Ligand code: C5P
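What follows is a single chain, given as structure tokens, in the form predicted on its own.
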């Protein structure tokens, strides 16, 4: 089998063979959208390979979490969307014979390796922009389908799977979840997925579970009524439409379209292709006449990733909306709900996820308002704020990223956000921009080095990273981050 990412093929096959040798497996995964899709891909691949497993989620894979995993009676542990950065600790338990780790991750590895380590960074592929944790999990799933020898029926033939399709037999149907994970991990820079992700997209399209094409780069095309779709579309600010309820209504009223049906506003997903072109063209003309720069106008169009087997008009149809729904479950300690949605629960789990999403949006809005109102403290090379217990530590990083560019909050410096984790510790989240990364910023290095210098720990990606530090070390941590960022950007 030629896998979706040839560079990872040999390592993926070795990991898959080791999984097939296990009597049972403990699957441990991160809880964000990328972690949930990673777990869902791995869970389905293990089930199809007839390997018994149990799933656990960790908000942070720290020493206590690894010790708890080691205390179980599982001899084989599959880590997805984390594990690479913690290999120094995991390795100690491996050396002691506690368990054999198999890691499918894309984060910066610690200064130690292990035999069954599937990470794009080990093979010259950028884990922050070219392959997500879900992508690594998908590569493993494809290899597992190839390595696994199906059980035989009484007549000596293979037992047919529930779907019996080629795509399901070789796990290509799981490409849709891998794309949701990549989009949720902010890897669609410039409006589309790049690098190794492209191979996964191609397999999803070929398997019939994905559709791609150019479309308006607006969030909510499946679910938001047209006026709200335009009002809330602020990535490219169009005067008289963006953040303007009456303005968006006036804009739509000026178009020769059937905007309502049976008394309800239509959504973008309800429009015909010709109607979509009418709205898009009018929007571009509005942007031009309002003086929006040409480079910004180009950002109105991006590649859409549509899950073709999901119902039109639902969050699950659009990769971006699906990933946001999953993030909402993760940030409120309900990873079980997010996993249920990924695994096909369209009743209880989906309804609960939608409730959590509504709560998530309220909390994000309140958090962004707070940060914009209070502003940030500017250092020479970074800006920061401390939300205390006013913003949940599980969403403070999202708030920081969304607040960048608001009045008084610069996009020319990375933003560092603090929130109370407990009485003794602070959660730290850092966000940058792809422009800063091109200039040399690597927040994974910044937060890793700065947190360890003050007795904490952290890591992540070049454009987004996190850490936990002792509360009393905040000032020293800020000084160290400012110093490291200064070194990177000069």
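Residue numbers count along the first chain shown, from 1. It should be emphasised that the depicted structure is a prediction, and the values quoted were computed from it without experimental measurement.
Missing here is the form predicted together with cytidine-5'-monophosphate; even so, the following discussion is about that form.
Participant: Within 4.5 Å of cytidine-5'-monophosphate in the model of the complex, do we find a heavy atom from each of 23, 167 and 310?
Facilitator: No: none of 23, 167 and 310 comes within 4.5 Å of cytidine-5'-monophosphate in the model of the complex.
Participant: Specify the contacting stretch among 208-216, 291-299, 227-235, 249-257, defined as having any heavy atom within 4.5 Å of cytidine-5'-monophosphate in the model of the complex.
Facilitator: That would be stretch 227-235.
Participant: Quick check on this chain: which one of 43, 464, 445, 51 has a heavy atom within 4.5 Å of cytidine-5'-monophosphate in the model of the complex?
Facilitator: Only one option qualifies, and that one is 464.
Participant: If the cut-off is 4.5 angstroms on heavy atoms, which of these, 101, 184, 120, 367, is the one near cytidine-5'-monophosphate in the model of the complex?
Facilitator: In short, 184.
Participant: Quick one: does residue 413 come within 4.5 Å of cytidine-5'-monophosphate in the model of the complex, counting heavy atoms only?
Facilitator: No.
Participant: Can you tell me if residue 223 lies within 4.5 angstroms of cytidine-5'-monophosphate in the model of the complex, counting non-hydrogen atoms only?
Facilitator: Output for residue 223 is no: heavy atoms all beyond 4.5 Å of cytidine-5'-monophosphate.
Participant: Although cytidine-5'-monophosphate is absent from this view, report whether residue 397 comes within 4.5 Å of it in the model of the complex, heavy atoms only.
Facilitator: Residue 397: contacts cytidine-5'-monophosphate in the model of the complex.
Participant: Classify residue 106 as contacting or not contacting cytidine-5'-monophosphate in the model of the complex by the rule of any non-hydrogen atom within 4.5 angstroms, answering yes or no.
Facilitator: Contact with cytidine-5'-monophosphate, yes.
Participant: What are the residues of 301-331, in order along the chain, with a heavy atom within 4.5 Å of cytidine-5'-monophosphate in the model of the complex?
Facilitator: Heavy-atom contacts to cytidine-5'-monophosphate in the model of the complex: 324, 331.
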